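In structure tokens, the next block holds one chain alone, the form predicted on its own.
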């Protein structure tokens, strides 16, 4: 199970006609309590979609009873009409559930610029259909799966995860397969827990978790306008969570979902982990790893099964991190191909045919370590994103 693994939550996923394929496209997650504490992390992109603008404001009180999500349209750059659509969506959910509109989080994903009257009618119809569906087995595995399927866009598989804490459960679902970059990703994530936890505890736990998981997933370097990660707590277990334990459980779920996002990245043929060791600080380790993850030359080389360590050194040399470029070691899948800035083992010893690829960069500048997840740059990625709107 995912979002309904924690007690006190129900889910529904329905088809409202937003997708031309007729696939599921509206999901509704409801927190039946007894508590409604909540926290959220949103895109750091200055260009924010209407649902993000609404949800950021609605969550200022630290409470949420429901999350309504749609695929098939981002409702971004759709003007006042788009924000009105988001507001009406929250009001319709509130009306159907007998709660306040301010207690409803709204999330959308899909093509930017989609948000006409047809889109609005579809979303509102989806709210009604999802609310009706809540009456039928909405706390079981099948309902959770339908909700996870309803938020998919270019995803090939739904993404769900669960972690068991000390007397409570954390569950989650996510979508995302492209525009995966810091500031989260082009993803929607709903996390649920039946622990008793105040909103400020949830906020700290969520930010600590996203910092080392979603914010270190950098598939293609492109940041979305709709990124949203929500954590809702029902308190239904009756167990007051230790903050450290809750943070660990939330981090496990986020890490599981982040890995699933990486494995489903658009067109990828290699799932790459770039680990930087012996950096002067964790932040500098992240900066160095991200510089490699953002290098199209490096990503194209991996696609071609070429252990081109020169492209790694060229990328990290653009950062202001503290290290001597002529003291760096680089390994590809366990083979050290560069030692102290010079060639080491023959490139022919490196096997890059497996999908899982690991790059290790030793800076010899300190004792900090960090990793970034990314993917290679493929023909399929270019094709999928060139034809996305067609």
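The shown structure was predicted, so the numbers you read here are calculated from the model rather than taken from an experiment. Positions refer to the first chain, counted from 1.
Omitted from view is the form predicted in complex with a further copy of the same chain, to which the following refers.
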Counting only heavy atoms and a 4.5 Å cutoff, which of 27-35, 350-358, 57-65, 336-344 contacts a further copy of the same chain in the model of the complex?
336-344
Though a further copy of the same chain is not shown, can you say which of 245, 167, 310, 100 has a heavy atom within 4.5 Å of it in the model of the complex?
310
In this chain shown alone, the residue from 263, 157, 112, 280 with a heavy atom within 4.5 Å of a further copy of the same chain in the model of the complex is 112
Taking heavy atoms only, is residue 321 within 4.5 angstroms of a further copy of the same chain in the model of the complex?
yes
Contact flag, residue 331 vs a further copy of the same chain in the model of the complex, heavy atom cut 4.5 Å
no
Using a 4.5 angstroms cut-off on non-hydrogen atoms, would residue 317 count as touching a further copy of the same chain in the model of the complex?
yes
With the partner left out of view, is residue 223 within 4.5 angstroms of a further copy of the same chain in the model of the complex by any non-hydrogen atom?
yes
Given a 4.5 Å distance limit between heavy atoms, list every residue of 77-104 close to a further copy of the same chain in the model of the complex, or none if there are none.
77, 78, 79
